[in-house]
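Presented below, as structure tokens, is a lone chain in the form predicted on its own.
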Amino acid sequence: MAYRETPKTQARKADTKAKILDAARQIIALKGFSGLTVATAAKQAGVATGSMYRYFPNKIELCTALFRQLSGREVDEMRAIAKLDLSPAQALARCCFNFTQRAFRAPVQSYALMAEPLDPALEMERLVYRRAYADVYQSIIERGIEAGDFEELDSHTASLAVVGMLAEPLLAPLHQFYCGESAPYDSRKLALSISRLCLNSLGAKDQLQDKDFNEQFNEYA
């Protein structure tokens, strides 16, 4: 008779796997993917190194699982904003604020997800999630075009451009944190600039006033 795991065994394995991923996340948050090894994750999680291979055959598998978990959470944040009862301009502004503020709450981790040189398999994961972000922004842009809030333009191309406009300005300051050379940084000012740039590029520069931006900041302070 084939062996079948009991619900108790399955729950224990799931709990151990979650502990390993959380331990790996803590390492990534301090050192990036380059600082993560199977051995360091095992030690951080309180798991025997040999037991790690029951859950993740190698470092790439561990990094891939962690990359999907962390990036998936960020995309879910954007999706949740897109579902709120907001105008397209408000929704896009809130996405900008949220993305920027969350990036600076875990700057080393954010840089690792966005730009740290990685194995080709992880680079592919990065492309998958950039596309997922773009899909969310495309849905907002299409609503804005339909409502007359945004100019008539190719929503697919525009959404990809928004992904770039959101991420690229963050790389230099996040890289400083990644290199341990960080200094106090005004992430709010940067978020405001990025948000205005994104809205202006869509022809919506008059859609939000200063008070609207301040409300967005208060929401995600």
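If you're wondering where the values come from, they're calculated on a predicted model, not measured in any experiment. We number the residues from 1 along the sequence you see.
The form predicted in complex with another copy of the chain exists for this protein as well; it is not shown, and the discussion that follows is about that form.
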property	result
Interface residue in the predicted bound form among L190, L70, A29, V47, criterion: non-hydrogen atom within 4.5 angstroms of another copy of the chain	L190
Contacting member of D135, E146, E77, E123, with respect to another copy of the chain in the predicted bound form [4.5 Å, heavy atom]	E123
Among 35-43, 168-176, 62-70, 49-57, the region lying within 4.5 Å of another copy of the chain in the predicted bound form by heavy atom distance	168-176
Output flag, L118, E151 and T157 jointly within 4.5 Å of another copy of the chain in the predicted bound form, heavy atom basis	yes
Contact flag, R130 vs another copy of the chain in the predicted bound form, heavy atom cut 4.5 Å	yes
is_contact(T16, another copy of the chain) in the predicted bound form, heavy atom dist at most 4.5 Å	no
Proximity of Y111 to another copy of the chain in the predicted bound form, heavy atoms at 4.5 Å	yes
is_contact(A23, another copy of the chain) in the predicted bound form, heavy atom dist at most 4.5 Å	no
